[in-house]
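Below sits a lone chain in structure tokens, taken as the form predicted alone.
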Amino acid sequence: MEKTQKSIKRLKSGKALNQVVAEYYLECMQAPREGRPVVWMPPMNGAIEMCYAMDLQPVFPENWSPVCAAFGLTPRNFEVAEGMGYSRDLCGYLRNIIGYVNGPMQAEAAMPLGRLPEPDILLSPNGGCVPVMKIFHALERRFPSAKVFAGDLPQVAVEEIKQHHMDYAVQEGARLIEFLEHAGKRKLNEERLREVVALSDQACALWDEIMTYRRVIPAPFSAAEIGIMFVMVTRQGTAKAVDFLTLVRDEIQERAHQHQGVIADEKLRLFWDNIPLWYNMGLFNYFEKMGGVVVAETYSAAWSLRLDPSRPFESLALKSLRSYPMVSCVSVERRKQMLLNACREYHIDGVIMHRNKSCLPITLGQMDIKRALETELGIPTVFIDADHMDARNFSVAQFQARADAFMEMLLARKGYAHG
């Protein structure tokens, strides 16, 4: 599928991101040789900090899928998964990682960033979205020698978390630590855990500050730069995340103070709802030819959860409870309020609704949100039919036709004469 255009990245710190990504995957590949047990886990949970505190190597198979999409490697992985009977209607993350571990990984095929090391330990969740759980069920069969921890947390909305939920999550954390100490042959040092939690909290504080600068008019950076989120997925609890985000914050702060926007003449501020198209990030730049900048998106809000280093176990328990309900297990009403608030804070003129074939939980409720945007804020929306992983489910021509008409309407509303 032809791309709209190459993604334009304007932050100088974007070059540093390339090094951060390469170093992370190099670290993953070196872990077995250095005697560090490899732990495969889902993203967005307190086990990340535990692993870094215990010198275990966390690996995120779900995060590997956007990497494969960015490098154009998903088609062969999809082919393997679909040959095994996995339907094209299933989540693209699931189909990609299933195809990868049963195809290129087995053949040790060359990859731009090497390959994932086989897991010594699998943290198999009993929560979050169904595809994530099913990914790990399949990984248990693919890697039968890996030691498996079957996690268990209540699926409860963020606003409904009570003390008994916290107590249970803390107990599960203690059970996980006991398992990791036995399986990884390492003892957890509580003081080291406090240090890791403090670093994780610093990264979240920096992330929040970075996102705040996007409220500035003109916006100092756009959704095309959202790849900086990589450290929030893979590096929470490390000095590397803090150092990189400090670099990003300083650059964006300077751009904001100098009123240096993404484009010379910002006319329209746009919001993207749902996961980006990892294989076509240039899509975010498409709106710029008509003066539009995607200044905010749903996905970036999920990765920052402030922690209290003085109470590391409780903080990580709360992080684990809150993480998935921030995105895929959140009520339509809460999603609506989150998006309405974001539109007010970021001075949004129009919302792009990505009707995502690969992630129905985040797509459900978009019509209700559309009505609320129009009736409560007077903000128009446009629907883009696509898939965050599978380019076969995205039509560039259809996207361009809808985007152009939408932008022309927004410009007319604000009194601009297009063309």
Partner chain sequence: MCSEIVNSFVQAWHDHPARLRRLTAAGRKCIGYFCTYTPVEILYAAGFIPVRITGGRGTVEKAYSLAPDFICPFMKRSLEKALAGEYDYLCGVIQSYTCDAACGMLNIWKENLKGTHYHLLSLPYNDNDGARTYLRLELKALMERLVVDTARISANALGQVVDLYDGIRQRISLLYAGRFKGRLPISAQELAYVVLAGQVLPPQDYHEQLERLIHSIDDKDVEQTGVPVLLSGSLVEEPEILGAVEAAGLRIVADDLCTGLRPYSPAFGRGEDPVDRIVDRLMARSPCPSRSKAIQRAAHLRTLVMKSGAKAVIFLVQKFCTPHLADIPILAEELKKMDIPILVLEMDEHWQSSGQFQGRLQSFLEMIVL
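Numbering follows the first chain given and starts at 1. Given the structure is predicted, the values throughout are model-derived calculations rather than measurements.
Beyond the structure shown, there is the form predicted together with the partner chain, which is absent from this document and is the topic of what follows.
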*Using heavy atoms and a 4.5 Å cut-off, decide whether Glu62, Pro75 and Arg194 all contact the partner chain in the predicted bound form.*
no
*Answer range among 24 to 32, 362 to 370, 63 to 71, 43 to 51 for contact with the partner chain, defined in the predicted bound form as heavy atoms within 4.5 Å*: 362 to 370
*asked:* Would you classify Glu172 as touching the partner chain in the predicted bound form, given a 4.5 Å non-hydrogen atom cut-off?
replied: yes
_Using a 4.5 angstroms cut-off on non-hydrogen atoms, would Lys289 count as touching the partner chain in the predicted bound form?_
no
*With heavy atoms only and a cut-off of 4.5 Å, decide whether Gln155 touches the partner chain in the predicted bound form.*
yes
*Given that the partner is absent here, does His164 sit within 4.5 Å of the partner chain in the predicted bound form, heavy atoms only?*
yes
_Considering non-hydrogen atoms and a 4.5 Å limit, which listed residue (Arg186, Lys134, Lys240, Arg311) is close to the partner chain in the predicted bound form?_
Lys134
*With the partner chain left out of view, choose which of Asn126, Gln260, Thr246, Gln253 has a non-hydrogen atom within 4.5 angstroms of it in the predicted bound form.*
Asn126
*Can you name the residues of 59 to 90 that have a heavy atom within 4.5 Å of the partner chain in the predicted bound form?*
Met84, Gly85, Tyr86, Ser87, Asp89, Leu90
